[in-house]
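Presented below, as C-alpha cells, is a lone chain in the form predicted alone.
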C-alpha cells in the first residue's frame, strides 16, 4: 500500500478498507511517512467524512496501537462515563463513588483540561498526596477493592491517538465527527468497561455548540461502541452556563465532595445534582443492575442520601494516597483568598452567558491551560452565583473571584461581566438535560 494512493482515494470520496486505515494509523505512529502527508489525510477526512465502517476501523487501529486493560478480572459489572468537556464540570468526582456504591466497578481514565474546559485530573491534583499515575495492575486492584479509581491515561494507551490529536490541533481538523469519535472511543475501549455512558455537552461552553452536530457525534459514538460490543447511551446536557457554583480546581473538588455528604443532595447546586444522578442512573440501567430509569434513580438517591457514597469517596481517595480532612468544610484543600466580588450593573434577569468566556476567566488567573505545557494555579477559582432566569438587583454579587493576584482577578472579572447579558423581562431557566440517545 501507498499513503499517496490512500490520500487520493479519500480525496475522491472512496470508502477506505480496514487494511488501508490501519496502514495509515500504524505508519504514522511508526514515523514511516511525514507529518504533511498525515495532515493531508486528516483534511480529506474532514471534507469527505467517513462511513460507520471506516470510523469503526479507525477506532480499532488507534485502540490496538497500545495496550488494553483486562477488566474481565473485576468481580462486578464494569461501567464508565465520558464527558465531552465543559466549564465547572466536576461530575466524575461524584459519579465514580456513587456508581461504585450502586454495585458497579468504575475504572476511569481521565484527562486534563485545555483552553476553557476543566480536567478531572487537575481537580484531583488539588488533593494532597493523590496519585494520578500507577501501573495497570494497581489501578485494577484499587477498582476491585474500592469499586472505583481515577487515573491519568498513560502513554501506552492508544498512543496513536496522542500523535494524531496533536496534529489535528495544528491542522484545523479537530472539529470532525469521525476523528472525534475515534479519539474518544479508542481511549474508552482501551479502559475496558462493558458499559459506556456519554455526557455530550452542547452550548457556548462546549466544543459542540450546535445540537445537530452533537446528534451526529452521538450517533457515531453509539454505533462505534456497539460495534465493539459495548452497551452505550448518550445524555445531551446544557453547557450554555457553568455547571454548579464552583469553577476552578480545588473549589470544584470541594463542591463535589461536599455534595456527597448525607443530606446535601437537597442543598447542593441542583443542576449538578440533576445531571450527576441522571448519569449514574443511566450507568446502572444500561449495565443491567436495575431494569428501568426510575428504579435506577431511586437506588442512586438512596446511596447518596445515606452517606454510603460519601464513605466510598473517602475510601477511594485514600486508596490513591489522597489526604482529606472530612471534618473540615474545605476538606483541608488550599483555596486562594477572596480577591474580587463582581456586582450586577443593573436590575433585571440573567438572560444569557457566554460560558466559554467564564472558562477563559479562570485561565486569566492561571487556573486553566492555553497550551498543554502551561503550569496551573490549582487554588484560584470562581463562585458562580447566578443561573439563567434568576432575577438580580443592581449591586448584587453575581460572582466571587478567588485569586492570589488581585490584578489578575480584576481582569477575570472584566471578562466575566462582558460574558453576561441581562434582560428587563423574565427569562425562562435552562433545562440541564436536553435529550437522550439510547
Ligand code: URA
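It should be emphasised that the depicted structure is a prediction, and the values quoted were computed from it without experimental measurement. Positions refer to the first chain, counted from 1.
Omitted here: the form predicted in complex with the named molecule. The next part is about that form.
Three-residue candidate spot 165, 183 and 207; every residue lies within 4.5 angstroms of the named molecule in the predicted bound form by at least one non-hydrogen atom.
Look at 165-173, 333-341, 246-254, 284-292: in the predicted bound form, residues with non-hydrogen atoms within 4.5 angstroms of the named molecule sit in 165-173. A single residue from the set 356, 187, 265, 227 has any heavy atom within 4.5 angstroms of the named molecule in the predicted bound form; that residue is 187.
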